[in-house]
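Take a look at this one chain, the form predicted on its own, written out in structure tokens.
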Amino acid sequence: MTIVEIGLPKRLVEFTLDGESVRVPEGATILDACTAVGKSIPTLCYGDTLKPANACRVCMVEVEGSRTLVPSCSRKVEPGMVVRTDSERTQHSRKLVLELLGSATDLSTTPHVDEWMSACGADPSRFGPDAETKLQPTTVDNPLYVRDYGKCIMCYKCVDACGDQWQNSFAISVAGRGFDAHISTEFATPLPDSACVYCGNCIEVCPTGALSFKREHDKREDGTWDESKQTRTTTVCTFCGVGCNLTLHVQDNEIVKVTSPHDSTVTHGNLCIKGRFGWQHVQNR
């Protein structure tokens, strides 16, 4: 039996996870439990600083007695629950979802997606060229970050981060319906004319690279982006007295992007425009 301690003391809930008895604090999700015991569940729309959106359907698992598969990112553990994360049914669902996403979206910059597809035998090419989404031009309308909606899977994380869950700028939202649904600024105005404050918190939560730093985009375009050569150094932002933590991503002695630790009690992964983008002066030699 595995006993998992998460956060402050709470009443423990016991359930069965892939044949093993596991105890987790009350209120924990199935995904929380899987992460705590070292089981890897693929996720795309899940964000550890956001409320579950249940949009991507990649993290679905089988719960005994449930008519349908359930999203592990939002389904809370219940006493006596029997969960199977790697059954034939879950593998088939995961395979189909990844194939549909891969056939219609550019997942070339999505972390771990190749491993997930290999694990479940997904082959997006089997749907043929007719299933491919029309290529969308990359939008470069500001010097800070790039929008490549050909990589967007409509997970809503950027909308949530920009909206009432963190930034409260409400600069972007979902426009259109059905196949025409897309992320847009208000009335489709250019980003510099919108309510965007360029905090970059949408980039922080984007799972596919549809939103990326301008510097990262440029280096990917010229073939010099190499994460294996990058170092990460966490420091404190000096622009004001709040004390936000910054993680500097450095390649070839050059800062190529800045993130923030999601477990920081100050930022929870969020920054302002100065912390996220105000580092060019370091390299202006």
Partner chain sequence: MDLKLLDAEPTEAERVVVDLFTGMGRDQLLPALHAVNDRVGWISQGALNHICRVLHVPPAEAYGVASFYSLFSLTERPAKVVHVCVDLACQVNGAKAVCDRLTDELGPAGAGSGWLRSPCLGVCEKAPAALAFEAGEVAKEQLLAPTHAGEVIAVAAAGPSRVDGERAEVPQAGAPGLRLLKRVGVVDPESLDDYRATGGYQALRTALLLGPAGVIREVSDAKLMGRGGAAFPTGRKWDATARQPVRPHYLVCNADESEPGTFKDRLLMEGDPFAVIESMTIAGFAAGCSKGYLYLRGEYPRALHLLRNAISKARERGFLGTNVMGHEGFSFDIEIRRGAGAYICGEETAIFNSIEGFRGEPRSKPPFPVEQGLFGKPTVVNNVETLVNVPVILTEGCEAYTRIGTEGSTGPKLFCLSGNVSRPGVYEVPFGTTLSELLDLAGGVPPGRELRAVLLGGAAGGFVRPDELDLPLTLEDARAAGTTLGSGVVLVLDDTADLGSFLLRIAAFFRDESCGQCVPCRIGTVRQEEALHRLVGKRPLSTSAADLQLLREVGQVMRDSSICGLGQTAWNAIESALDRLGYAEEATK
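Residue numbers count along the first chain shown, from 1. This one's a predicted model, so the numbers in the text were calculated from it and none came from an experiment.
Omitted from view is the form predicted together with the partner chain, to which the following refers.
Out of the listed residues V82, V140, A119, A175, A175 is the one that sits within 4.5 Å of the partner chain in the predicted bound form by at least one heavy atom. Scanning V146, C199, V113, A171 against the partner chain in the predicted bound form with a 4.5 Å heavy atom cut-off leaves one residue, A171.
Figure note: of the listed segments 238-246, 218-226, 47-55, 32-40, the one touching the partner chain in the predicted bound form, with heavy atoms no more than 4.5 Å away, is 47-55.
Shown alone here, K95 lies within 4.5 Å of the partner chain in the predicted bound form, counting heavy atoms only. Contact check for T109: every heavy atom lies farther than 4.5 Å from the partner chain in the predicted bound form. In the predicted bound form, the partner chain sits within 4.5 Å of a heavy atom of T68.
Interface membership of D193, defined by any non-hydrogen atom within 4.5 Å of the partner chain in the predicted bound form, is confirmed. Taken together, R89, L101 and D130 are fully in contact with the partner chain in the predicted bound form: each brings a heavy atom within 4.5 Å.
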